[in-house]
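Quick setup: one chain, the form predicted alone, written in structure tokens, and binding and motion questions come after.
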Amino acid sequence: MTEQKTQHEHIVQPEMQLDARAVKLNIFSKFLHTLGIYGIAGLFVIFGIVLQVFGVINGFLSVQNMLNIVDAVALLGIVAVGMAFVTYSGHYADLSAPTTMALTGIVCVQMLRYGFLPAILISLAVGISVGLLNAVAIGKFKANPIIWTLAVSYVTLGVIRLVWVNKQIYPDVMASSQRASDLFDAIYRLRFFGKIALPVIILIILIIIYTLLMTRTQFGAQLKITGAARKAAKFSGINVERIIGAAFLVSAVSAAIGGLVVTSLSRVGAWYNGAGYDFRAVTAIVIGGMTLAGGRGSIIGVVGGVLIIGLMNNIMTLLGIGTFSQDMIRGAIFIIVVGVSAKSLRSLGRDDA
């Protein structure tokens, strides 16, 4: 009996050592799990408070600055929560989002001659059609998502420049009436209670809808399985092509809405509207805890990632750091987060990198 017990201890002991080693290697994951993404956002707030207390920056804690942060992240949040479905499906990112935003915006401004509501509906249909093209090519024909969406981005950009001959068009000039122009202008500038911007309300609505879609529907459950193990999903009877296509459609819907918001913000329809929002959205998605390999993460986490980027941008602006330097810092943070996340996943035996 004593001999059997000794043999059993020899068998169990290595496993215990392996578990301890895995925990030791996964310090970042433990830290993230303990604080949560919003805990990390809180650390950024504390950092900003410390800088203000020591006189390095001014106005960080002001109500207006807090509202500015929320306003600034609303547009990115709208794009990111939609693109998160593409990442969740295991297809990395939708690189056609920026030009989808530009196309939607410029078409809306052009169609304002027919009235505000027709312009909104037509432009959203045009933006979503880009997502439908991505859905068919990537879902049904299994095109590489990065190469395909990048190609679609270039083609869409070419179409915008060809049709509008590189010109900028203005809502107040194109609109059929002053009311139509004012309504389009209000997409970004309308304030509820004089404080809460319409894009923030739109983001909150999308967060609720997308969270329910991802966590409380059959589509969400099938999307998770598809992102985590595509072959297993296919063998279990899931229509993988349709699920992947739907993910790209959701991304296009968000990009189209974001296009209307950014065009209303700039008060001009132009090819460059939306530039850079693909990388910013992916950064927010990854910082928010959603793995590029798919099948893990949440919309709430993505929103936390968006908030962290907003706080980081605000602090860098108050510190007087220039735009190019901010881009460099964001890129470095993205590389660090992806690298550390990949290492921590491998330490847990999940080769998702």
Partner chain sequence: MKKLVKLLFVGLMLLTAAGLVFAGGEAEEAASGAVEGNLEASLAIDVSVLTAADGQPLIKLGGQTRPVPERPADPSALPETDPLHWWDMEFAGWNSVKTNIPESPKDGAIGKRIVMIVHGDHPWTTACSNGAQKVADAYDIDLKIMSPNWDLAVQNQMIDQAINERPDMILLIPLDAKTAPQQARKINRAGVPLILFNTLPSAEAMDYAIAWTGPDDFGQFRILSRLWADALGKEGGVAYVQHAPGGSPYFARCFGPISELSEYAPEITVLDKQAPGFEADKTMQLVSDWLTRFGDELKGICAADDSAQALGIFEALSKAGREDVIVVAAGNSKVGMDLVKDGKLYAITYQTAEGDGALAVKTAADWFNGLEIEPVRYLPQHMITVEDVEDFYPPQW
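Residue numbers count along the first chain shown, from 1. Predicted model, so just to flag it, every value in this text is computed and none were measured.
As for the form predicted in complex with the partner chain, it is not shown, yet the points below apply to it.
None of the heavy atoms of Val130 is located within 4.5 Å of the partner chain in the predicted complex.
Within this chain, Tyr277 lines the site of the partner chain in the predicted complex, having a heavy atom no more than 4.5 Å away. Put simply, Gly320 is close to the partner chain in the predicted complex: some heavy atom of it is within 4.5 Å. Among heavy atoms of Leu75, some come within 4.5 Å of the partner chain in the predicted complex.
Partner contacts here mean any heavy atom within 4.5 Å of the partner chain in the predicted complex, and among 107 to 115, 251 to 259, 186 to 194, 202 to 210 they occur only in 186 to 194. The listed set Val268, Leu198, Val126, Ala180 contains one residue whose heavy atoms approach the partner chain in the predicted complex to within 4.5 Å, identified as Val268. In the predicted complex, the partner chain lies within 4.5 angstroms of at least one heavy atom of each of the following residues of 60 to 74: Phe60, Gln64, Asn65, Asn68, Asp71, Ala72, in sequence order.
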